[in-house]
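In structure tokens, one chain follows: the form predicted on its own.
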């Protein structure tokens, strides 16, 4: 007995010993009133310090799993180890249709799976090698020194007030009129969109978007029962004449747009089209959900203000964003900027669901922004991503036989293949050669896009960007006559 104890990780040794003994007791391997080895015996047997064993025994006694008899030693307490009769439920029969739909749309389960050593273009997450860990540590220590006792307690559903004020200022610098606007802090963009869709009533159940568009947004629209009407895109954004036709022939509850570094096409909607779009939706009085995706990753050209800026003092634009694609996605901090009256109600939905987002995470992010670290990090990140973007662009132009390629910045490019070549068929061949990408059909509202795919280059080394794109190009030429 006790010979199977092994130190498995870097957790405190006394906790590992305590958990080991606890498992033996609760599983019935150590019986009621059985005497345990003395602290000296067990420390010698397991080659541990006696203090480690003393501490583990003390914790077990505090939990009521063992008891000490003065002069005699430590004994196992009475622990109920009997189990009820085992039954096995078929949980699939108890799952509702919405959950089955979520599973069906889950790309992490049913998409392309990365294997070690592969060149993976299917991610548009930030490169963790760029993460500003040292300054993040400083921000953590600073905020903990100032109000550690506060940020470790419960917070407010609407969010951490200093961060809300910082984000309002941040949006104001983008040109947004924040008068009569407010912010709700969320666990990233996805929760923000989910909360909003859960809160708004449906009259027709129709939502309008660009086609293709963000897969996560499409998934949430479908889970909330919306019928999605997608409008094709031109080189400078959504096709305005088609948008006008759709608005004049059908009634929509909502619209969803990604005007900057659109996911998946990478297109930046022109200033003229932003204004035309806003005039149309003002005429039809339809709320717009604006996805502030990757707005900071502008590598060239002048700044284009978000749709929320074009709205002026109006309140029909609901802006949802996060820093996940540029800063630290592990923080899961996003925000909704909208009319104060709407935020008032969204706050109650947030409180009912998750009480609040992590106050500690919000406080650290606030300190990071407050101390000016974000601007320095962004400058460095843009320099690195610009180089990768230009390399990916050049490699595609050199090696890929494509019909159309879009992407004005950001972390990805979007490819349309010639001759309606099926991207999933190409993917199958590339997968065998250790290269993967995201097939484009998952981004379309109407099942189209079989001849398209998205290339995310943010996390790849420069040589892998070149080699991976060359492999895709060679595969198309040699196996499909591209």
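The shown structure was predicted, so the numbers you read here are calculated from the model rather than taken from an experiment. Positions refer to the first chain, counted from 1.
Unshown form predicted in complex with another copy of the chain; subsequent notes refer to it.
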Given that the partner is absent here, state which listed stretch (408 to 416, 260 to 268, 204 to 212, 322 to 330) has heavy atoms within 4.5 Å of another copy of the chain in the predicted complex.
-> 322 to 330
With a 4.5 Å heavy atom cut-off, would you call residue 313 a contact of another copy of the chain in the predicted complex?
-> yes
Heavy atom of residue 114 within 4.5 Å of another copy of the chain in the predicted complex | no
Exercise: residue 33 in contact with another copy of the chain in the predicted complex, heavy atom 4.5 Å = no
For residue 42, is any heavy atom within 4.5 Å of another copy of the chain in the predicted complex, or not?
-> no
Kindly indicate whether 241, 399 and 442 are, all three, within 4.5 angstroms of another copy of the chain in the predicted complex, using heavy atoms.
-> no
Let me know the one among 72, 353, 403, 250 whose heavy atoms come within 4.5 Å of another copy of the chain in the predicted complex, would you?
-> 353
In the predicted complex, the residue from 388, 229, 273, 370 with a non-hydrogen atom within 4.5 Å of another copy of the chain is 370
